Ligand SMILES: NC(=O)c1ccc[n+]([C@@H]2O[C@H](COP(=O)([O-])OP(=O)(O)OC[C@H]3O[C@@H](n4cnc5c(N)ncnc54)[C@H](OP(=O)(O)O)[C@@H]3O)[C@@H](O)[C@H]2O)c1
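Next up: a single chain in structure tokens, the form predicted on its own.
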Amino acid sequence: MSASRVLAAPVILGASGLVGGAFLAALRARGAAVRGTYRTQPGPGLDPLDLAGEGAAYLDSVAPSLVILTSALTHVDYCESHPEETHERNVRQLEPIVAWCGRAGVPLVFFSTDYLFDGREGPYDEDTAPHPLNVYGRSKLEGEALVRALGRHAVLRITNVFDIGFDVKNFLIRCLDHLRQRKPLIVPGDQLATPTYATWLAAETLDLLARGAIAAPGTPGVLHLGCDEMISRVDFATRVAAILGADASIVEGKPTAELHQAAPRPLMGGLRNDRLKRLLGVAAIRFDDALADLTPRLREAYRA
């Protein structure tokens, strides 16, 4: 299949979530004949699908030109106390999707995380050996291994994904709620990462796919997508407050050790994006540029 045909009839498995919703909106804006699925959150024009036993049959029925898999169990603390369910959702249910793509010769885009790394020396490049600290990270590492066996694939590692309008769970939405209601927002002050803007993620990924720069023979199998800057949750929330003219004093950073989170987190995580910048031909991918693009929707949501 030529690069120009890859986006002709894609399917997004998990289109009602943050990343899937951003891809769905971007593909619809391009006029693609895109199909999307949901598991528990219905959305306009989406197909109900439980990947447990139904994934391959669904793909047979829609015959997509590309599979974008955004469905996963991502609640890190829940994963830690439910390892079997996590393995089922993030590994076993992936196996028939990978097998179908292999048989059909259809490229697969899979999303992974900086939680593959232990956070001692981040940010990390694509060639760093993984060392996950928690159940979620280990499940994504197993998922990567399955996907990377395919001839045409792209493993896109992302972290601290944020946006408005696609889901109600990401950290930015939490910031808005607390700033609007002037409720204390207690966050880890010592966990650093390179946030990923979902709207930008979708747009840049689709451009790379359209020109055959990923998910094609001879292209990088793993790619890190995020901003250049290492950002703490405190800094993130404070910058959002400044855009909104809101009271940033509600934001309080505490050491991770005091928060008693069920799953261990990488403290100095994050993803180096040099490979991505070379593919895109850009010198920088700035967090503040993402916030600037988001500002109109951010202010509208804050007023709602």
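Quick note: we count residues from 1 along the sequence shown, nothing fancier. Just so we're clear, the structure is a prediction, and the values are computed from it rather than from any experiment.
Absent from the display: the form predicted together with this ligand. The rest refers to it.
A residue is said to contact a partner when one of its heavy atoms sits within 4.5 Å of a partner heavy atom; T194 fails this definition for this ligand in the predicted complex, lying far away. Using a 4.5 angstroms threshold between heavy atoms, L244 stays clear of this ligand in the predicted complex. Remark: R272 does not count among the residues lining this ligand in the predicted complex, judged by a heavy atom distance of 4.5 Å or less.
Put simply, A15 is close to this ligand in the predicted complex: some heavy atom of it is within 4.5 Å. The stretch in contact with this ligand in the predicted complex, judged by heavy atoms within 4.5 Å, is 157 to 165, chosen from 98 to 106, 212 to 220, 184 to 192, 157 to 165.
Within 4.5 Å of this ligand in the predicted complex, a heavy atom is found for none of P123, M230 and R265. Proximity to this ligand in the predicted complex, defined as a heavy atom within 4.5 Å, singles out one entry of D60, E252, E258, D50, which is D50. Contact with this ligand in the predicted complex, judged by any heavy atom within 4.5 Å, is made by just one of R180, K169, R92, H82: K169. Contact annotation for 65 to 84: residues with any non-hydrogen atom within 4.5 angstroms of this ligand in the predicted complex are T70, S71, A72, T74, listed in sequence order.
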